[in-house]
Every structure is written in structure tokens, then in C-alpha cells.
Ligand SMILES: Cc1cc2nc3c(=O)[nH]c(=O)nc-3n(C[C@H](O)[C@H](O)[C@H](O)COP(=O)(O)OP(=O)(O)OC[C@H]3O[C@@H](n4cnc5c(N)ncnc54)[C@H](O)[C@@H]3O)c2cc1C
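Consider the single chain below, provided in C-alpha cells and representing the form predicted on its own.
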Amino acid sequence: MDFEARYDVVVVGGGIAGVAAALQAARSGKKTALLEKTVLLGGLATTGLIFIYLPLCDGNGRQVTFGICEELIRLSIEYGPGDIPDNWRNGENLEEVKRLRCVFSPAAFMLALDEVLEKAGVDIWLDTLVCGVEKDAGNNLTGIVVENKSGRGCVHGRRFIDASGDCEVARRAGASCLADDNFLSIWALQYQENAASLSPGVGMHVGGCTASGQPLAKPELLVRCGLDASSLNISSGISGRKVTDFILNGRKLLREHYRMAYENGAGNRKNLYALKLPAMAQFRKIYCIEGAYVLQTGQNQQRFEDSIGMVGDWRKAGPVWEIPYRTLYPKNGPGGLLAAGRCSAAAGDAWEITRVIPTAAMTGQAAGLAAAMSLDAGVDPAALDVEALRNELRALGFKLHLPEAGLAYS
């Protein structure tokens, strides 16, 4: 090894889940490192250009997600445009754009994330790629092997949080993980003459198809690009080849989008064009841990005694999910590991709920707090006193069960 470093808590992945986890661990008094493979923080929300901070409410005027998640939505527009609807508390069955959410400038959000982490004393490692793990004889994680411009080294820790988005740490450490299908699509920033700032004309989503070939959004693009859905390599699981194919085929969709727009007279190369492409693959689901509990389709409006927070369904008003603490640690080791965001345990439609910004921020904060508390208690995160954790989360402003937000169980 060319270098070594030691921390109390090591967070892998600088997306929203990782940022929230590192913030909370540092604010809990732990020496914290945040490892990020790119040079930008925010993950899919920023580097990936999916720049919609989805709702923190149920669409019927009740806020259900709090804490760092609420702090970050306001930071997302501190240095750039974007607005939270003033009347989100009024009305029933509100569409997404009228709920407690906002659209933000990815670059502006990145600046705010740098600042808040620096203020908290988080040691940020950018341009640092995870390439292995170290464990002791008891199957406890002890370090993350990384590479950067200093060479290859080991970042040692006492607790680890996998917020990589694809279970990079958990898989390398031998934890059982789950996979699901993706669909081909691309989000990009474009210039459109006379478009309002951050309007749908400036931030654009071009759809493709699911892994099974079912069309989404603009299926004609798939045909006109000459793409065969059966050969798109976007089914469950991941490989280096699949990442490359996913990205290149998404760009083919985008090129065809502009060809069609120019042919149809919707614009030309001087007043309608791509301004910024995503700098990471925009996979929705890759891997999550097989947790001590796996959240399942249809489990909204259900009570979990170990709930560590709630999230709404960003797709429609009404459904609210309690998230069990057991989804944040693996069913069968390794010791010392927690997961957050897309890496937390979920399957089917429930994964659509856990993969987005509000859930990432909420589970990230809960994981960061659990890591710190487990160190103080001298126990593995899986053996942490959950009631003590829940009490601390309430002290941080969380509501943990539906009735606390004025909602009922089904």
C-alpha cells in the first residue's frame, strides 16, 4: 500500500445518501471520511443530471420526511434557481409539481454540498476509486482499498456505510445482494431558445424501453435508432460492458431526438441543442443488499416497529412508506456495515421508492447516526438498540410512524 488513513466512519459514495450519512456521522462527533469516485458530489442528482428533488410530502399537505433531507432541499436552491411551491400544504391529490419539491441547478447544488460537508468537518476524498475491502478473521470490515493519484492505499474505519448506489462495498465484502431490471433512458441539459430557466425544455428526459423490450416514453426513438431491445444489455445485474452499452445507446437516443426535432421544424442546431450530458450511468436499480428485512411491493401504509423514518410516493399523492431499520444492514454480515439510499434493502416497486433523493437523504442520515451510536455502544450496527436510535431520530425532528403525520394505516 502506498498510503493509509484511519477514521471512525467511512462512507463510500458521494451521492445524496452518502452526503447525508457523512454529515450525520460527523455531526455526531465521529471522524468521518467520504469517498467519491468522481470529482463532484451529489451522484445521480447532480453528476447524473436528474435534477428534481422529489416530494417530501404525501401530496395531501402533510410533510412526512424531515431532518437532513429537508435541509438539503433548501440547500439545492441556495446558489441557483428553483422554487418550492408556496401552497404545497393546501389541496388534495396534488400533482408532483405542486408538492414539497423543487427543480435545481446541478452545479449550484454541488457548490452547496461542498460547503455543508466542509463545515461539518467531513474529510472528502474525491477522484478516489474503491477497488477492494479488508476484513478481519471475524468477518468484520476493517478497511476500504482505494486508488487515486497517490497510488493504492487503505482507508481504515470502525464503521462503514455503503452509499455507492450499486453495493460496491457490500458485494466486495461478500454480502448477499439483490438485483433488478433497468430501462434505457437519458436525462440531459439542453439549450432551447426562449425557454424558461430549468423548464422541461432545458432539462430533458428521453425515454427508451425496459429490459424486456416494453416501450417507455418515446418508443419510436428506439426504432429510428435501429436498436434491438433484446440486445441492449440493461437487464438485472451489471458489468463493465453493460455500463458502456447503456451509456452509448442512451446517447444514440439523444442524437435521434435532435434529428427528429430538426426534421420536424421544432428547432435547429443553433437554437436547440445538447448543453450537458450526464457524467455517470443513469441506472435506476443496480444492486441493493439483502437486508435483515427487504421492503416489498405494496407495503405502504404499513407499520414497522423499527421504522427510522417515512417517505411519500413521488409518483402519486397518498401512499406513504415507513422504512424499517432492518433494511439498512445485511442479513448475513459482514460486521460493521450499513447501507443507505439505493443500496438499502428493497424489491420490486418498493425499490422505486427507496432509490430517489428523499429516501436516500433520510436513510443516509439514519445510517450515519446508527454508525455513530453503535461505536459509542460498542456493538455492531445490527445489534444496536433500535429504540435508542429512534429516540435520537425524533430528537432530530423525524416523524417515524404514519399517525405522527396525521395519517392512518390501511
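From a predicted model like this one, the values you see are computed outputs, not experimental measurements. Numbering starts at 1 and follows the sequence shown.
What comes next is about the form predicted together with the ligand, which does not appear here.
A single residue from the set 345, 33, 68, 44 has any heavy atom within 4.5 angstroms of the ligand in the predicted bound form; that residue is 44. For the options 336, 291, 165, 312, the one in contact with the ligand in the predicted bound form, meaning a heavy atom within 4.5 Å, is 165.
In the predicted bound form, the ligand lies within 4.5 Å of some heavy atom of residue 360.
In the predicted bound form, the ligand stays beyond 4.5 Å of every heavy atom belonging to residue 25. Heavy atoms of residue 54 reach within 4.5 Å of the ligand in the predicted bound form, making it an interface residue.
Contact annotation for residue 282: at least one heavy atom lies within 4.5 Å of the ligand in the predicted bound form. Only one segment in the set 348-356, 25-33, 365-373, 381-389 has residues whose heavy atoms sit within 4.5 Å of the ligand in the predicted bound form; it is 348-356. Along 127-161, a non-hydrogen atom within 4.5 Å of the ligand in the predicted bound form is carried by 128, 129, 130, in order along the sequence.
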